[in-house]
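One chain comes next, on its own, written out as C-alpha coordinates in the form predicted on its own.
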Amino acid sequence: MMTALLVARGLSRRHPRQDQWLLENVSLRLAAGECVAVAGATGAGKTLLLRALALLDPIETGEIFFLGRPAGAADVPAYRRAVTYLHQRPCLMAETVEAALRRPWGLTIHRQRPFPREEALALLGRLGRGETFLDQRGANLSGGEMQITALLRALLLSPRVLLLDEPTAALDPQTTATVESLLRNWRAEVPEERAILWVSHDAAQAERVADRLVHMDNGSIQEI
(Lines give C-alpha, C1' and ligand atoms only; values in the text may rest on other atoms or scores of the structure.)
Protein backbone atom coordinates (compact mmCIF):
# COMPACT_ATOMS: atom_id res chain seq x y z
CA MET A 1 0.00 0.00 0.00
CA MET A 2 1.31 3.42 -0.98
CA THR A 3 1.96 6.03 1.71
CA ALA A 4 -1.01 8.24 2.57
CA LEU A 5 -0.27 11.84 1.65
CA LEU A 6 -3.54 13.36 2.81
CA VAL A 7 -6.08 11.90 5.23
CA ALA A 8 -9.37 13.37 6.45
CA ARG A 9 -11.09 11.82 9.44
CA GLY A 10 -14.63 12.62 10.47
CA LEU A 11 -14.88 16.11 8.96
CA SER A 12 -18.15 17.83 9.82
CA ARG A 13 -19.52 21.32 9.39
CA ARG A 14 -23.06 22.57 10.03
CA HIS A 15 -24.80 25.38 8.15
CA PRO A 16 -24.54 28.51 10.33
CA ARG A 17 -28.24 29.42 9.99
CA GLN A 18 -29.98 26.16 9.13
CA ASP A 19 -30.25 22.81 10.85
CA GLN A 20 -28.32 21.13 8.09
CA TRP A 21 -24.95 19.48 7.74
CA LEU A 22 -22.75 20.88 4.96
CA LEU A 23 -20.18 18.15 5.66
CA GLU A 24 -21.09 15.18 7.82
CA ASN A 25 -18.49 12.77 9.15
CA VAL A 26 -16.44 12.79 5.94
CA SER A 27 -13.37 10.55 5.89
CA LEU A 28 -11.04 10.15 2.92
CA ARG A 29 -7.57 8.76 2.27
CA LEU A 30 -5.45 10.00 -0.64
CA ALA A 31 -2.40 7.85 -1.24
CA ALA A 32 0.80 8.75 -3.04
CA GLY A 33 0.52 8.20 -6.78
CA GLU A 34 -3.27 8.16 -6.67
CA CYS A 35 -5.94 10.21 -8.41
CA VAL A 36 -9.30 10.11 -6.65
CA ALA A 37 -12.34 11.60 -8.38
CA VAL A 38 -15.20 13.07 -6.37
CA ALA A 39 -18.62 13.01 -8.02
CA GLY A 40 -21.99 14.25 -6.86
CA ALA A 41 -24.84 16.63 -7.61
CA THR A 42 -24.57 20.39 -7.31
CA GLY A 43 -24.72 21.31 -3.63
CA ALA A 44 -23.54 17.89 -2.45
CA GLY A 45 -20.53 19.40 -0.68
CA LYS A 46 -17.72 18.69 -3.15
CA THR A 47 -16.27 22.21 -3.21
CA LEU A 48 -16.74 22.56 0.54
CA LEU A 49 -14.69 19.39 1.00
CA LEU A 50 -11.85 20.72 -1.14
CA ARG A 51 -11.88 24.06 0.67
CA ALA A 52 -11.82 22.32 4.04
CA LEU A 53 -8.88 20.16 2.94
CA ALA A 54 -7.09 23.32 1.75
CA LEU A 55 -7.64 24.87 5.22
CA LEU A 56 -9.68 27.65 3.63
CA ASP A 57 -12.97 26.89 5.41
CA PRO A 58 -13.46 25.90 9.06
CA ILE A 59 -14.63 22.51 10.25
CA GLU A 60 -16.47 21.86 13.51
CA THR A 61 -15.21 18.34 14.09
CA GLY A 62 -12.64 16.05 12.55
CA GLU A 63 -8.98 16.12 11.67
CA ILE A 64 -6.83 16.54 8.56
CA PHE A 65 -3.43 14.86 8.33
CA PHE A 66 -0.65 15.51 5.83
CA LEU A 67 2.17 12.97 5.74
CA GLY A 68 0.88 11.56 9.00
CA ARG A 69 0.91 14.83 10.91
CA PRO A 70 -2.09 16.99 11.87
CA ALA A 71 -2.52 20.04 9.64
CA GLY A 72 -2.98 23.03 11.93
CA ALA A 73 -3.19 26.81 11.75
CA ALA A 74 0.50 27.23 12.54
CA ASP A 75 1.46 25.24 9.44
CA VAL A 76 -0.83 26.94 6.90
CA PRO A 77 1.81 28.53 4.58
CA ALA A 78 3.90 25.36 4.34
CA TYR A 79 0.79 23.18 4.08
CA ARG A 80 -0.70 25.22 1.24
CA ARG A 81 2.58 25.07 -0.60
CA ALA A 82 2.33 21.29 -0.53
CA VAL A 83 -1.47 20.96 -0.85
CA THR A 84 -2.67 23.33 -3.58
CA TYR A 85 -6.32 24.10 -4.25
CA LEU A 86 -7.49 25.11 -7.73
CA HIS A 87 -10.77 27.00 -7.81
CA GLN A 88 -13.16 26.30 -10.67
CA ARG A 89 -13.31 30.02 -11.52
CA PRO A 90 -9.88 31.41 -10.67
CA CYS A 91 -9.38 35.13 -10.13
CA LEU A 92 -5.88 36.05 -11.27
CA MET A 93 -5.73 39.72 -10.20
CA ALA A 94 -2.69 40.63 -12.29
CA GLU A 95 -1.93 42.78 -15.32
CA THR A 96 -0.51 39.97 -17.46
CA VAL A 97 -0.37 36.18 -17.42
CA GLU A 98 3.32 36.26 -16.50
CA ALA A 99 2.60 38.62 -13.61
CA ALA A 100 -0.10 36.25 -12.40
CA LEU A 101 2.30 33.31 -12.58
CA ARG A 102 4.99 35.23 -10.69
CA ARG A 103 2.71 36.48 -7.90
CA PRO A 104 3.32 33.58 -5.46
CA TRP A 105 7.07 34.13 -5.74
CA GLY A 106 6.54 37.39 -3.89
CA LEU A 107 5.56 35.40 -0.80
CA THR A 108 8.21 34.56 1.77
CA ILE A 109 7.73 30.80 1.51
CA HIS A 110 8.58 30.79 -2.23
CA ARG A 111 11.40 33.33 -2.29
CA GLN A 112 14.14 30.76 -1.74
CA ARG A 113 14.00 29.72 -5.40
CA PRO A 114 13.75 31.76 -8.61
CA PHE A 115 10.66 31.85 -10.76
CA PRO A 116 10.99 28.89 -13.19
CA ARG A 117 10.27 30.72 -16.43
CA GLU A 118 11.72 28.04 -18.70
CA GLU A 119 9.56 25.42 -17.03
CA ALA A 120 6.56 27.69 -17.54
CA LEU A 121 7.33 27.95 -21.25
CA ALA A 122 7.73 24.18 -21.53
CA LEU A 123 4.37 23.60 -19.86
CA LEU A 124 2.74 26.23 -22.05
CA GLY A 125 4.08 24.43 -25.11
CA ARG A 126 2.46 21.20 -23.94
CA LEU A 127 -0.79 23.13 -23.53
CA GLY A 128 -0.57 24.47 -27.08
CA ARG A 129 0.41 28.03 -26.09
CA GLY A 130 3.54 29.95 -26.95
CA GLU A 131 5.60 32.59 -25.17
CA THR A 132 3.27 35.37 -26.33
CA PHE A 133 0.60 33.93 -24.00
CA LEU A 134 2.64 35.27 -21.08
CA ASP A 135 2.05 38.83 -22.33
CA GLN A 136 -1.73 38.55 -22.53
CA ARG A 137 -3.61 40.86 -20.22
CA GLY A 138 -5.37 39.13 -17.37
CA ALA A 139 -8.53 41.18 -17.90
CA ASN A 140 -8.83 39.86 -21.46
CA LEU A 141 -8.53 36.16 -20.68
CA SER A 142 -11.41 33.82 -21.33
CA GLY A 143 -12.61 31.47 -18.60
CA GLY A 144 -10.64 28.64 -20.19
CA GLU A 145 -7.45 30.71 -20.40
CA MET A 146 -7.84 31.63 -16.74
CA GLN A 147 -8.12 27.94 -15.87
CA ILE A 148 -4.99 27.17 -17.90
CA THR A 149 -3.07 29.97 -16.19
CA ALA A 150 -4.17 28.88 -12.72
CA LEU A 151 -3.24 25.26 -13.42
CA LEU A 152 0.13 26.29 -14.81
CA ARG A 153 0.85 28.39 -11.71
CA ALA A 154 -0.11 25.51 -9.44
CA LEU A 155 2.22 23.09 -11.23
CA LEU A 156 5.10 25.57 -11.13
CA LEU A 157 4.78 25.70 -7.34
CA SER A 158 5.67 21.97 -7.17
CA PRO A 159 2.94 20.80 -4.79
CA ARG A 160 2.60 17.28 -3.44
CA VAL A 161 -1.21 17.24 -3.67
CA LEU A 162 -3.52 18.98 -6.13
CA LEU A 163 -7.11 19.67 -5.09
CA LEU A 164 -8.86 20.31 -8.40
CA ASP A 165 -12.37 21.76 -8.59
CA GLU A 166 -13.67 21.19 -12.13
CA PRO A 167 -10.30 22.22 -13.63
CA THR A 168 -11.43 21.72 -17.25
CA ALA A 169 -15.01 23.01 -17.00
CA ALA A 170 -14.31 26.00 -19.28
CA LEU A 171 -12.04 24.17 -21.75
CA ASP A 172 -12.80 22.73 -25.17
CA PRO A 173 -12.55 18.94 -25.62
CA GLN A 174 -9.08 19.02 -27.18
CA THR A 175 -7.59 21.20 -24.44
CA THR A 176 -9.37 19.10 -21.82
CA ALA A 177 -7.68 15.99 -23.19
CA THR A 178 -4.33 17.78 -23.13
CA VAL A 179 -4.80 18.86 -19.51
CA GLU A 180 -5.82 15.35 -18.49
CA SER A 181 -2.66 13.97 -20.12
CA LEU A 182 -0.50 16.67 -18.55
CA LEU A 183 -1.82 15.90 -15.07
CA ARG A 184 -1.49 12.15 -15.62
CA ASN A 185 2.15 12.64 -16.56
CA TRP A 186 2.76 15.07 -13.68
CA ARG A 187 1.55 12.45 -11.22
CA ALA A 188 3.53 9.64 -12.89
CA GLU A 189 6.82 11.59 -12.83
CA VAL A 190 7.15 11.17 -9.06
CA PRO A 191 4.31 8.84 -8.02
CA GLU A 192 5.65 8.32 -4.52
CA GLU A 193 5.32 12.07 -3.84
CA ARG A 194 2.26 13.27 -5.75
CA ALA A 195 -1.50 12.74 -5.75
CA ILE A 196 -4.66 14.40 -7.06
CA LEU A 197 -8.17 14.84 -5.67
CA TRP A 198 -10.30 15.78 -8.68
CA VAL A 199 -13.90 17.06 -8.51
CA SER A 200 -15.69 16.57 -11.84
CA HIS A 201 -19.32 16.78 -12.90
CA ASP A 202 -18.40 14.72 -15.98
CA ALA A 203 -18.82 11.01 -15.21
CA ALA A 204 -16.83 10.00 -18.31
CA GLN A 205 -13.94 12.24 -17.29
CA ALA A 206 -13.97 10.87 -13.75
CA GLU A 207 -13.68 7.35 -15.17
CA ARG A 208 -10.80 8.42 -17.42
CA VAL A 209 -8.64 10.23 -14.89
CA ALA A 210 -9.26 8.43 -11.61
CA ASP A 211 -7.89 5.31 -9.98
CA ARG A 212 -10.77 5.46 -7.53
CA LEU A 213 -14.17 7.14 -7.44
CA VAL A 214 -16.07 8.48 -4.45
CA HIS A 215 -19.56 9.98 -4.40
CA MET A 216 -20.81 12.87 -2.26
CA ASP A 217 -24.44 13.33 -1.32
CA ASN A 218 -25.81 15.78 1.26
CA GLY A 219 -22.37 16.38 2.71
CA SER A 220 -21.51 12.71 3.11
CA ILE A 221 -19.13 10.55 1.12
CA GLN A 222 -19.33 7.00 -0.20
CA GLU A 223 -16.86 4.83 -2.05
CA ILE A 224 -18.05 3.74 -5.51
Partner chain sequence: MPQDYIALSPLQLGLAVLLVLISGAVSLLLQLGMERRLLVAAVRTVVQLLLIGFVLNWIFAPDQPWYVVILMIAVMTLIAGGAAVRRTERRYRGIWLDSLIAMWASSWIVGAAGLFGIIGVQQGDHAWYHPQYSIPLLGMILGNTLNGIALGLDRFGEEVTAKRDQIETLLALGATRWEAAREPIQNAVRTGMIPTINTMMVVGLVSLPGMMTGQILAGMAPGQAVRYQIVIMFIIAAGTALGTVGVVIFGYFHLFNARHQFLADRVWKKDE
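Positions refer to the first chain, counted from 1. For clarity, every value in this text was computed on a predicted model and none was experimentally measured.
Below, we refer to the form predicted in complex with the partner chain, which is not included among the displayed structures.
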Quiz item: Looking at the partner chain in the model of the complex, is some heavy atom of each of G72, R80 and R89 within 4.5 Å of it?
Solution: yes
Exercise. Would you please decide whether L107 lies within 4.5 angstroms of the partner chain in the model of the complex, comparing each non-hydrogen atom pair?
Key: yes
Exercise. Evaluate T149 for contact with the partner chain in the model of the complex, applying a 4.5 angstroms cut-off between non-hydrogen atoms, and reply yes or no.
Key: no
Quiz item: Does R111 make contact with the partner chain in the model of the complex, using a 4.5 Å heavy atom cut-off?
Solution: yes
Quiz item: Contact between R51 and the partner chain in the model of the complex at 4.5 Å, heavy atoms?
Solution: yes
Quiz item: Taking the partner chain in the model of the complex as the reference, which of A31, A44, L28, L55 has a non-hydrogen atom within 4.5 Å?
Solution: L55
Quiz prompt | Sequence-ordered residues of 189-213 touching the partner chain in the model of the complex, heavy atom within 4.5 Å | solution = none
